[in-house]
Every structure is written in structure tokens, then in C-alpha cells.
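Below, in C-alpha cells: the form predicted on its own, a single chain.
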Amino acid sequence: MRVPVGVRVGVFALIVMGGYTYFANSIPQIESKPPQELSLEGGNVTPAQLVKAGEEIFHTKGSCEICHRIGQKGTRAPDLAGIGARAGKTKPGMSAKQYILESLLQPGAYVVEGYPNIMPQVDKPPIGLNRSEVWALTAFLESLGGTVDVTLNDIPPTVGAAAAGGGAAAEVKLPGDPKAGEAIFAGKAGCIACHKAGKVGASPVGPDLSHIAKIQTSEYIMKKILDPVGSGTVAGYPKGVMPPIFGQTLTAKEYVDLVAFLLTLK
């Protein structure tokens, strides 16, 4: 009996589809998951693994290299090359890991000469590292010329509580309009004469603000606009260039809109 052409084509199509399905299902499937916070508590981790994790945090969540470099001067913050060795000699009676931890958790306790006190606490917003991440980051910084001896017990149990929501201050929610603020940044306020902010502006006279909300608190940003001198001058940039006039030249709405725009720069 002769099989109709339509049936033969249908059977052939089913065979081909079945073959492709079998082939596709034989390929190991990779599940896509959002990145999770690092958690090392309760696990066995070698110093090498800890340093590797800390290096990753330095370049990513910690946002450290926005201001710091390793082996390169002339950035917003001190060069961290050899910090693992230098840290133990910076403050009398304080070990390298103690100094590094203090610098991460209480950066205003000791400010390197020539740099303003503008570094935020890394375990609080906007950076918000948890306890394990602070441990790993400390180990990485120790490894830069020093000996890695920091343990989880060296990290206070309260570290990272604010980032996790334990006693954290409520995030500042401004009723401003970021789009209107971007127009003020580029127009009336004239910020683009000195600053770059993402796709807006390109001037190198002042610091690049493209990541300002990722490395600074909303309180700092609001104060900097009104009192630029009192907030300190970023290293490597001339002092007194930013005018202290915006409290008089901008209306309250324009000021709030401008801040709202800057808070989107992450």
C-alpha cells in the first residue's frame, strides 16, 4: 500500500523534531540565578579562598576601585599597593588587620593626610557589605604586602546588620523628579561645566559623578551641593572651584530634583 505523501512528510517531521528534542535534552542545563551575598560563616575556608573572595568584592560589590587603585596614584583615595604591610605601622599599637578593619568600618577615625573624610562605612548603605564580605575584603587587603591572619571572630557580630535591615536607618526617599534634576544638572546649575554623570557631560575639571550614589550616602550628596568646602575636596582636584551658591540660586524643588537625579547614578 502506498503511503500518502502528506503522511510521509508528517512522519519525517516528527522524527526530525524528536531527534532535536533528544539532542537538546542531552545537553547539561545551566540554571540562571541572581547573584547571592557571600556567606562564609560556619564553613571551612582557606586563606587563599578568602583572599580570592575578597578580591572579587573589591572589584564588584565593594565599589572600592571607584576611588582606590592598587599601584596607581592620583585617584580619589590612597593607593592601596602594599597596604597589608603599611597598615601595621600607621597607628601605634594597632595591628594591620585592626587598622584595615577600622578603615572599613570607621573610616573617619583616621584620615590619610591630603585626602578628605568622604569614605562611607562599607557595612552600611549604599555599599552594605555583610559580615562575611567584610572578612574577605579585609583578608584581601592584608594580602597586599602582608600576612593574612584575620579570622571571622575579628569581625564584630553586628557588622552588616544595617545592610541586612537590622536597625538600619530608613532609606532616604526624595519626592524629586530625576528627569527634571538631570535637566538642572545640565542647565541651570551648570554642573556639566565641571562634572560627568553617566551620559551627561564630559568635563574632567571635577570628579566623575557617574557612580556617586554607589559610593556616597544621600546625606553627603545633599550636603555637598550646599556646602562643598565643608564636605571636603576630592584628592587630585583643585579646592574652592565648586561654588557655594546653590542654596541661593536653586529653588527648593530644583534642589530636590537635582539630588534625586544624583541618587540614580549607581
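Worth saying up front: this structure is predicted, and the values here are computed from it rather than measured. Counting begins at 1, following the sequence as shown.
This next part talks about the form predicted in complex with a small molecule, which is not shown.
J.: Suppose contact means a heavy atom within 4.5 Å; in the predicted bound form, does that hold for all of P78, P120 and A189 with the small molecule?
T.: Contact check passed for all of P78, P120 and A189.
J.: Is V111 close enough to the small molecule in the predicted bound form to count, meaning some heavy atom within 4.5 Å?
T.: Yes.
J.: In the predicted bound form, is there a heavy atom of the small molecule that lies within 4.5 Å of any heavy atom of L104, even though the partner is absent here?
T.: Contact check for L104: yes, within 4.5 Å of the small molecule in the predicted bound form.
J.: So in the predicted bound form, is the small molecule close enough to A202 to count as touching (4.5 Å, heavy atoms)?
T.: No - in the predicted bound form, heavy atoms of A202 and the small molecule never come within 4.5 Å of each other.
J.: Please determine whether L137 contacts the small molecule in the predicted bound form, using a 4.5 Å cut-off between heavy atoms.
T.: Taking the distances in the predicted bound form, the answer for L137 is yes, it comes within 4.5 Å of the small molecule.
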